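In the form predicted alone, a lone chain appears below as structure tokens.
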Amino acid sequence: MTMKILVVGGGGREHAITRALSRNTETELYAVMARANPGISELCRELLLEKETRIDAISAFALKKSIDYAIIGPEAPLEAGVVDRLEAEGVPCMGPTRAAARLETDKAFCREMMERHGIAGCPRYRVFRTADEAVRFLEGHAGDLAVKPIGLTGGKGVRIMGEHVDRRGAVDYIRSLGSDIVLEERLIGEEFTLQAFTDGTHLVPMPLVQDHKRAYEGDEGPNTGGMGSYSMPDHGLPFITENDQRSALGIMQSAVAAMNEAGTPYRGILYGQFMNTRDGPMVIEFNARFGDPEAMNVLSLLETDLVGIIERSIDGTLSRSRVRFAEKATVCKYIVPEGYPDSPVAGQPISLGPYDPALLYYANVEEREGILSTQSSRTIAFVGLGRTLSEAEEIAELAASGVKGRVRHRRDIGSATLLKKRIDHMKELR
């Protein structure tokens, strides 16, 4: 019997999800997105071009097309309650309800939940409802802090003293936010991402990934949605011990158990963004969906049928033994418009060179009469897979460097030099 699956979202992450779903030949794919993604469009039977938070329109489309399951890509529709509506209409979803998604959408809720349940990895923090209160606290605090808006910011809202801003800049940023601010201790270490499938009880971890948020090579410049990422053939990272990895997964397991206990079961994808410190993993944040670009790393490696994983996540029978990832390295490199992220040059044509055997994922790009043009965010991504990190990096770099137009990418992602810098940093800390 043909399975009808709806993908909500239209970026590179959602193209990776759709491609993974399309490997099951008994599926019929549908998508809702604000702007047509060429890669998703090619794989789907039908599209609804609609803002991804328009819950009424998404629900009506799902019912009209007799959708069996939906999978939600971005965070905004989760916060808007798309899962609540679809499931109320009889469409099971891989994605948390609005209340459960607060793990991502409300940073104050997340920290208070972790503290209340005694979950490890929670940094020291304070929640402030007005800018004046936050500024008074900062001015009386000797050390560096991380300044976070409580709500969603597309991965670009955090300012860290000593890294992004000085003390004066932190005060100015707090005042620009106005209200609803979390101040946290600054964490020193190496970031890593652990994503897991969960049915509300069981967690199935995916390969570890390291993302690169800073806009320019050498980890310079402003934060972005992510310029690229890499993973290793053994699914670990050389600066993360097995004990670190177990600790991170245990923290995520505790968070899922706490949500269950609170009467808001968490089902779907749980993304843990961790800082590996001298004392072990600390939680930077949780996300309630696949990462972007990290989804492209792990889904490019996934050997198990994603449709089956969705079914088991919904019926509560997820099992680690039934999910397999290829034992290869991956390197993902995003092509972005000139000026990204502060003043991206949109509407500019680009042309692709030969990119095989790299995988191409379309993101914020427009296609008209066969011509691709940049938009205001990340344009396309290439993923290289290889037996070693250097092999995967070479494949991704060759593909990325072949793109012509007013675009750029970070050449250093997945490089031996950058990896050594990470390893050396952790050695210094420990």
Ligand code: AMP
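The numbering used is simple: start at 1 and walk along the sequence shown. This one's a predicted model, so the numbers in the text were calculated from it and none came from an experiment.
Omitted here: the form predicted in complex with the ligand. The next part is about that form.
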- Message: Residue-level question: is E184 within 4.5 Å of the ligand in the predicted bound form, judged on heavy atoms?
- Response: yes
- Message: I'd like to know whether E285 contacts the ligand in the predicted bound form, with contact meaning heavy atoms within 4.5 angstroms.
- Response: yes
- Message: Please tell me whether any heavy atom belonging to E112 falls inside 4.5 Å of a heavy atom of the ligand, as the geometry stands in the predicted bound form.
- Response: no
- Tell me, yes or no, whether V135 is in contact with the ligand in the predicted bound form, where a contact means a heavy atom of each within 4.5 Å. no
- Interface residue in the predicted bound form among E327, E338, E191, D315, criterion: non-hydrogen atom within 4.5 angstroms of the ligand: E191
- Task: Scan V158, A80, L249, A99 and let me know which has any heavy atom within 4.5 Å of the ligand in the predicted bound form.
- Result: V158
- Note on the structure: Within 4.5 Å of the ligand in the predicted bound form, heavy atom basis, the matching stretch of 338 to 346, 253 to 261, 306 to 314, 277 to 285 is 277 to 285
- Query: Can you tell me which residues in 211 to 238 come within 4.5 angstroms of the ligand in the predicted bound form, by heavy atoms?
  - Reply: K213, N223
